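Form predicted alone, single chain, as structure tokens, below.
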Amino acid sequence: MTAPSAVKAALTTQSIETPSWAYGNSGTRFKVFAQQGVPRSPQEKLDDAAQVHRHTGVAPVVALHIPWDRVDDYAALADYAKERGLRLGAINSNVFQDDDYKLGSVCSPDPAVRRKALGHLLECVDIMDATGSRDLKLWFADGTNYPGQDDIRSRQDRLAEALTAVYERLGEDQRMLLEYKFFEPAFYTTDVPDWGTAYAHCLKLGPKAQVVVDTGHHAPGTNIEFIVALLLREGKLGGFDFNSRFYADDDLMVGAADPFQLFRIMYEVVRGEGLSSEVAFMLDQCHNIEPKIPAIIRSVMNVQEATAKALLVDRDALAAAQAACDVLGANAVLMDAFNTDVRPLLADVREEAGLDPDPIAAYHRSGWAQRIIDDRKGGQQAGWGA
């Protein structure tokens, strides 16, 4: 098994990006339950994100969602983040909430709607210039509900045209991350339904176009780690949107539904040298009934635990068993690592970094939860959804 010292060293370099929208009110398609102390501005979201990083030590990056996080001065917002030990990460576009997008955004049959959507995507690149963000994250709800509603191939042509325009606008050190989702809100065809479609578009665009894997955006039983391994092999894995699902796109805490799957994914990341690459490890979750900041801290810890177990896999023993065609022996190597209790090791990592070994307990002792309830009275709480 890999030496604990090597595992610790790798864990100290890990960086997990938290989503601004997870700190606001968000949830299911049917009802969003408001909570006390929820941020009312992007700045207050960053204040909460700073608490997550304070107690975990590995969450220094915060993704923004436009227009949910629209401000007058994005450079000032970046400075605000920096003052709190954070930096602004991926800029997430939104071309799915306006009424104009009922029949699609960049894939819409209406040229005026396509121009509007493209204008928003280019605006997001302008925001990246101001914030110093590297990544533009693109998810399209575009699709159709009925056979014959629109021409499938023409919609792919429109998508390619828009992606090309955005790609050409990117700066030298900027990337676009294309996300896929196999269904919903469209039910007959989805214009970017799977990793193959996303990969094909990114491959044609060039090296600054990468695929992002949302762990909740797959059909039941999909072997996500295979997708991860292949994209890493091809140099096209740009990042993750981590969450958990039981049925559809549930956006539950990562690792809550299937921690073994998360371990298998992280093993392929480790195997493919993804920890030391430019792969972005982002959370994309909604905390509708649970307290938001503790849920995000727990999610970060879940990713840490899966990563630690993946790092503990004895790769020499695994390779030897595989070469010997020892099916059970090879499986046992993986299971030994998965069944290891890595919580004491992670507690040591935190203590060696000057942090409390129990981030959740430390947060509860900090008094932040009561402070924001007391301070954030009045105003409009940040949020989206039903």
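So that there is no doubt, residue numbering starts at 1 and follows the sequence shown. Only a predicted model underlies this, so the values are computations on that prediction, with no experimental measurement involved.
Beyond what is shown, the protein has a form predicted in complex with another copy of the chain; the following relates to that form.
> According to a 4.5 angstroms non-hydrogen atom cut-off, is A78 in contact with another copy of the chain in the predicted bound form?
No - in the predicted bound form, heavy atoms of A78 and another copy of the chain never come within 4.5 Å of each other.
> Any chance L232 has a heavy atom within 4.5 Å of another copy of the chain in the predicted bound form?
Contact check for L232: yes, within 4.5 Å of another copy of the chain in the predicted bound form.
> Quick check on A50: any heavy atom within 4.5 Å of another copy of the chain in the predicted bound form?
No - in the predicted bound form, heavy atoms of A50 and another copy of the chain never come within 4.5 Å of each other.
> Would P259 show up as a contact with another copy of the chain in the predicted bound form if we use heavy atoms at 4.5 Å?
Residue-level check for P259: yes, a contact with another copy of the chain.
> Quick one: Y167, S276 and R365 and another copy of the chain in the predicted bound form, is every residue within 4.5 Å by at least one heavy atom?
Checked in the predicted bound form: no contact with another copy of the chain for any of the three.
> Could you spot which one of D157, D314, E123, D129 gets a heavy atom to within 4.5 Å of another copy of the chain in the predicted bound form?
By the 4.5 Å criterion, the partner-contacting residue is D157.
> Want to guess which of 56-64, 336-344, 349-357, 42-50 is within 4.5 Å of another copy of the chain in the predicted bound form, heavy atoms only?
Result of the contact check: 336-344.
> Can you name the residues of 217-250 that have a heavy atom within 4.5 Å of another copy of the chain in the predicted bound form?
Counting only heavy atoms within 4.5 Å of another copy of the chain in the predicted bound form, the contacting residues of 217-250 are A219, P220, G221, T222, N223, E225, F226, A229, L230, L232, R233, E234, F246, Y247, A248, D249, D250.
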